[in-house]
Every structure is written in structure tokens, then in C-alpha cells.
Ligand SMILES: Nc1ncnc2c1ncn2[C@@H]1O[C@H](COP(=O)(O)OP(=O)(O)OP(=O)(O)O)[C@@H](O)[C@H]1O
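One chain comes next, on its own, written as C-alpha cells: the form predicted on its own.
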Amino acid sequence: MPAVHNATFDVFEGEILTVMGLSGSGKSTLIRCLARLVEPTYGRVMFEGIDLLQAGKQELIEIRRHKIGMVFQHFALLPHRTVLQNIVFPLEVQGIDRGAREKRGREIIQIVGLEGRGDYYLRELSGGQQQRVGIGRSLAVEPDLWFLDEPFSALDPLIRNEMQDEFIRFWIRQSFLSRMILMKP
């Protein structure tokens, strides 16, 4: 039985696509197939003229490093690193020098509302604060395509609304996120 069958859609520059469905309906599987974290068994995933299913391992790594941002329900943060170190990790992987990546990291810390916590470790943060670190990490790379799989689920309702509004303001202000796919329960 397929988890996702005949899913077809286009997301154009400047658009936000929201996929909604019940728990277990395949939203997370769909987003993982699009990012090729789960290998689709059939079809095409086109991004900027490239079929990601045909992309080689190195090409796919480069696309993920420089073009795609991802925030998942389970944020996969690095517990031995501080908030700042977690946020700038993708920039470190890209080879950005320490000064530039830490400057960018401090900007992101302000955007996600974690001022004064850059030197904190994850164990010192609430679940909602940890989720903001994951969101911040995805913002650091200024992606062309942003996959968000229930990125606000661990936040309390007030903070959730504030972060959703801030995301939209940030997206409009920076004008670097050309496409966003948001999964909601």
C-alpha cells in the first residue's frame, strides 16, 4: 500500500503551499520524498529544472546544503553544541568562515526570540525554545526552498502565533525564500 499516491503540485517563486491532513495521512512521508530523505519508488521531483530522483549523491548534498531548508517535528539538534553552534552548523558545513557564520547566527537568534541564550546548551532550554533553534538553523542558509513539517508543534499557542507571524514577516523582509511547503495537522 503506497504512503503517497499521485501527488502532483507546483510551488512557484514567492508561494507558500500548505498541505493539511489527518495524522498518518502521509504528509511527513510526502515532504521526506520531496527532500529525498525517503526514496520515492516512482515519479519525478523537479526542482529548478533538476529531477532530484536522478541527482547523484554529491549533487543532492550540494542542493540540500545551499538551496533547501528543512524543519521537522523532531528537530535533530546536536546536544553537545550551544544554541549558536547549532544554528550556524549548516554554515560550518558550507565552509563559511567562523566570524561570518557567528554574525549570521546572532542575527537569527534575535529573529527567533532567543536573545541572551546563544551560549546555552539544549538541556537548558524548553521544548519550544529548542524548536526555535531548529527553525533558526533552517533560516541560516537562506534557502530557495523551505520544507516545514509542523515546525510550531512544540510551541505553546501564544508563541506559536508569534513565530508564525514572524516567519511570514521574515520571509517577506528577506525575500530570499522563493518557495515554502508547510505541513499542518
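None of the values given here were measured: they were computed from a predicted structure. Numbering starts at 1 and follows the sequence shown.
Another form, the form predicted in complex with the ligand, is not on view; read the next lines as being about it.
- With the ligand left out of view, the stretch that reaches within 4.5 Å of it through heavy atoms in the predicted bound form is, among 132-140, 117-125, 59-67, 22-30, 22-30.
- By the criterion of a heavy atom within 4.5 Å, Gln73 is counted among the residues contacting the ligand in the predicted bound form.
- The shortest heavy atom separation between Glu150 and the ligand in the predicted bound form is within 4.5 Å.
- For the chain shown alone, Ala3 is a contact residue for the ligand in the predicted bound form, at least one non-hydrogen atom being within 4.5 angstroms.
- Residues in 109-137 all lack a heavy atom within 4.5 Å of the ligand in the predicted bound form.
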